[in-house]
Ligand SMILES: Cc1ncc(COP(=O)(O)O)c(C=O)c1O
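What follows is one chain in structure tokens, specifically the form predicted on its own.
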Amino acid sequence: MTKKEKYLDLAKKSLARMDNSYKYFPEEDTPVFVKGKGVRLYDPDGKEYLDMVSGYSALNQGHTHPKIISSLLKQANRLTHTSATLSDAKVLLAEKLANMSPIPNTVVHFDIGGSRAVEGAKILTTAYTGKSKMISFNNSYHGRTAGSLSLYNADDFKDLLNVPKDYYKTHYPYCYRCPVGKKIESCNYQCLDKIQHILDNNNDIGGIIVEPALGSRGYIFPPQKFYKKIRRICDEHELLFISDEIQMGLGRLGAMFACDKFETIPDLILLSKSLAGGMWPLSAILGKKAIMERIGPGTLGSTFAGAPLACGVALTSIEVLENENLCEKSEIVGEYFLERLRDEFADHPLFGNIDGMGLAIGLELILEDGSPAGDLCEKIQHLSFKEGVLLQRGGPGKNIINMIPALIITKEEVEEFIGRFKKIIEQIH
């Protein structure tokens, strides 16, 4: 029995479920890792993997970045946690984020994860507008707590939590499979017409929550004017515009804030995942002071929200993004990666669409008739794992391979992946 098999055997006996929450892998071959470095992971038996998931973008700076590790140890030796008080690290991080933010007069609220940030945005929107519901988009993902599940068309498991439906759903611009049947050359953003219909028939809507690109539900990228269209709608109807950048922010799309790629300023920006370099759960809501101060102390927060340890590490995590020019590298290497994937696979019958922005790339797999190849996508993911490549898949048809490497990935490592992936695709018949 290998070391990995021993861990899997122990897991089956002691874990309530295997840590395989989306059933990406069969239980008998669920990944087990003991070490990470840069863009690589290692299992208990020493096998090396190229990590193209980076902790669902929680590791934009890569695994075990030495400066972030050093910062973690330094802060741990100073102060890890307090009660409902301030710490120097929390104040300094708030100042840093407020100064970076594109939103005028930004103030910051911290919590412990993306779902909590979404719940906070919901509470703030209701407090500011007096209206309890949101408009959100098909195939979006905003978390798995009851509060976050109430804001989007989530999976069936939300029924287990008796979650209220506090949203109206509308179309996300999915140009490869247009939800209203238009072609790119004839598109005039008719997919957004449904928003006006919703607003004409309902008066309980306080805001629109949107991902700058779809993340967990498959890497799908909207046209350039999408955010500006949403901003205009929000302004006309006095709605708050919430940009959920939990996965797509902090350099993923080639800019520190994803909204900057669309030259649009929202009312609230939600950050998490790689904010603390993957070392500690941390999220932040950035928003206009007038919105953020509408609620009083004690309404938002949790025991470990904005802990000194998390904030101290986050300061260094942001410094790494800035000092190593990872936003710029994401754009440059991402463009190279996308071009190489198109060079190799654009004419391959298995690939219907290859699209991306920064180091967020989606490869959509299709059958001969153009329909989603979900089973094939699963097969490729499993084959890739056996060949030492960790991939994520998603999309409405479960047929999109998502490329989410750490922003430190090099062109040489991109070529290494391309070489391995070509061999994997050659095994598909």
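Keep in mind it's a predicted model, so treat the numbers as computed, not measured. Don't overthink the numbering: it's just position in the shown sequence, from 1.
Keep in mind the form predicted together with the named molecule is missing from the figure; the text below concerns it.
Colleague: To verify the annotation, which of these, T264, T106, S216, T170, has a non-hydrogen atom within 4.5 Å of the named molecule in the model of the complex?
Modeller: For this set of options, the contacting one is S216.
Colleague: A310, L286, V118, A258: which sits within 4.5 Å of the named molecule in the model of the complex by any heavy atom?
Modeller: It is V118.
Colleague: In the model of the complex, does G143 have a heavy atom within 4.5 Å of the named molecule?
Modeller: Heavy-atom contact with the named molecule at 4.5 Å: present for G143.
Colleague: Is K273 close to the named molecule in the model of the complex, meaning a heavy atom pair under 4.5 Å apart or at it?
Modeller: Yes, K273 is a contact residue.
Colleague: In the model of the complex, does G114 come within 4.5 Å of the named molecule, counting heavy atoms only?
Modeller: Judged by the heavy-atom cut-off of 4.5 Å, G114 is in contact with the named molecule in the model of the complex.
Colleague: Please run the contact check for I246 against the named molecule in the model of the complex: heavy atoms, 4.5 angstroms, yes or no?
Modeller: Residue-level check for I246: yes, a contact with the named molecule.
Colleague: Would you point out which of 250-258, 106-114, 290-298, 88-96 contains residues with a non-hydrogen atom within 4.5 Å of the named molecule in the model of the complex?
Modeller: Looking at the other structure, the answer is 106-114.
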